[in-house]
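In structure tokens, one chain follows: the form predicted alone.
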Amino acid sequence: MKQLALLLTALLATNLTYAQSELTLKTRTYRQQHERQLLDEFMGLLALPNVVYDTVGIQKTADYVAAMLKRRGIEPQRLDGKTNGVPPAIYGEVIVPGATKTVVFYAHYDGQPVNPNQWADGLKPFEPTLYSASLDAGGQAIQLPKAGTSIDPNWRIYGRSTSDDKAGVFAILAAYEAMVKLNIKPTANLKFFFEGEEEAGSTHLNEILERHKDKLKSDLWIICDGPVHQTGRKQVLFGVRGDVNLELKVFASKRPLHSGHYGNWAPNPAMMLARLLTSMKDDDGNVLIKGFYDDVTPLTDLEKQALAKIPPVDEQLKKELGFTVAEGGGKPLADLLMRPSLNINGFASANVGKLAANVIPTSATAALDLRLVLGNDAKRQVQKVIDHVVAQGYYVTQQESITDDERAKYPRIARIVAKSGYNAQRTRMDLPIAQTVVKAVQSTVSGDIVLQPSLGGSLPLYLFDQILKTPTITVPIANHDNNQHAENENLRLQNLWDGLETYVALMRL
């Protein structure tokens, strides 16, 4: 173990020149000869509506993923939990004679909700469209070229889940197919697990893992989700943040009031909520809620070394995103991702734009997103927020409606409802199998890869630790500017091709 730690330390401390493996070069040649066929299958997957709450669309997507497994000679299985009507996990396995290790490859086939009216003109979430470049770079819609015609790797596909996370599903299965076609044998037993409820918080994933413990036994889960580093380098992530969402609503008058007749007298809930929210963070973005950072598990020495080695991207991103001063008091983005966060996802009170009226609204609502790091507990972190709101003079309830008695008794009333959430997870960087993953990914490129203690985003990976007692490592493939969870989601083709090479290497651990 000490030798492995020293090896990782050396990798983190030096800039090395690497040679791409023969396996990677073979995979690239295969891909170049089959690009059009690969894109046809991927486009078919993208055309299926997969919003997590659309039961019909989710089932059609699950069926498509199962058919993808079947076409590759893998018998698909539907893994359900105990709750009826929940999207199934689609599962398949390849058992390799003589293999001593088993690796499970994970991605999710469900996607975030969409508002088509927010997408750029000409784009529809479930009509995947090829563009000559990103919209920000002036890209134009183009037709998919005929088979055998050159395909520019900088072209992008626009559509919901192009990057999060149908790209992951496709890259994993395309990598296995490439191995079969190239007559390359896996060195470990391979299992494939595609979840259908991740964007709803993986509420029933624990049921699936508990019910199918024996089937899902393995030495490692490799997670394909999230973006590569902002520099474009491939990265290996040893953990993820947890996540829990809150809805915070404050109440004022029982009916909307004329702002002329009642302004300066009737309480304005939008102003009340704005003041309440500003009490939660200072101008540098530090959360002011009591105890918010108290239970954070410190980084290990190896994790600190990895963090220090991550290429700085702050100035690049500020220019790209169009702002000059970031939160965090000057700390780099990579460091800030190791802290718990509080974000306002949305704020609503009455109407704006052409629908704006001269009224004092009856209520104001904010959607809050708490990202958790190792040591935080989702329920405990939510309670800290509730305690803070109470300390600001609010009576807090979870009930949908407010009674007249409550209105008469309490001058400030807030409703706080926590949605399902989960805790953070982190795998030790010095595990032998973790180092094997690092070497596999490094073998696909000639420059350094990035090693991060944790992804800034969230996945329910603590469940694999808790239920299956199995480590997880995340190897993402999407471009960093993919607009995941938002309008105009996209995937750069080169990232898809790089993902194919990465996952072939990982299947040859």
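Residue numbers run from 1 along the displayed sequence. Note that the coordinates shown come from a computational prediction; the quantities given were computed from them, not determined experimentally.
The discussion below concerns the form predicted in complex with a further copy of the same chain, not included here.
Q) in the predicted complex, which of the listed residues (Thr100, Ser150, Thr278, Gln140) lies with a heavy atom within 4.5 Å of a further copy of the same chain? A) By the 4.5 Å criterion, the partner-contacting residue is Thr278.
Q: Heavy atom within 4.5 Å of a further copy of the same chain in the predicted complex: which of Pro145, Gly375, Pro76, Pro113 fits that? Just give me the one.
A: Selected option: Pro113.
(Q) Can you work out whether Ala270 and a further copy of the same chain are in contact in the predicted complex, taking contact to mean some heavy atom pair no more than 4.5 Å apart? (A) Output for Ala270 is yes: heavy atoms within 4.5 Å of a further copy of the same chain.
Q | Partner contact for His261 in the predicted complex: a further copy of the same chain, 4.5 angstroms, heavy atom | A | His261 belongs to the contact set for a further copy of the same chain.
Q) Do Asn84 and a further copy of the same chain come within 4.5 Å of each other in the predicted complex, heavy atoms counted? A) So Asn84 does not count as contacting a further copy of the same chain.
Q) Even though a further copy of the same chain is not shown here, does Ala252 get within 4.5 Å of it in the predicted complex, heavy atoms only? A) Because a heavy atom of Ala252 falls inside 4.5 Å of a further copy of the same chain in the predicted complex, the answer is yes.
Q) So which stretch, 185-193, 224-232, 101-109, 296-304, is the one near a further copy of the same chain in the predicted complex (non-hydrogen atoms, 4.5 Å)? A) Correct option: 224-232.
Q. Can all three of Gln37, Asn154 and Pro453 be found with a heavy atom no more than 4.5 Å from a further copy of the same chain in the predicted complex?
A. Answer is no for this spot.
Q | Residues in 452-490 with any heavy atom within 4.5 Å of a further copy of the same chain in the predicted complex | A | The stretch touches the partner through Leu455, Gly456, Gly457, His480, Asp481, Asn482, Asn483, Gln484, His485, Ala486, Glu487.
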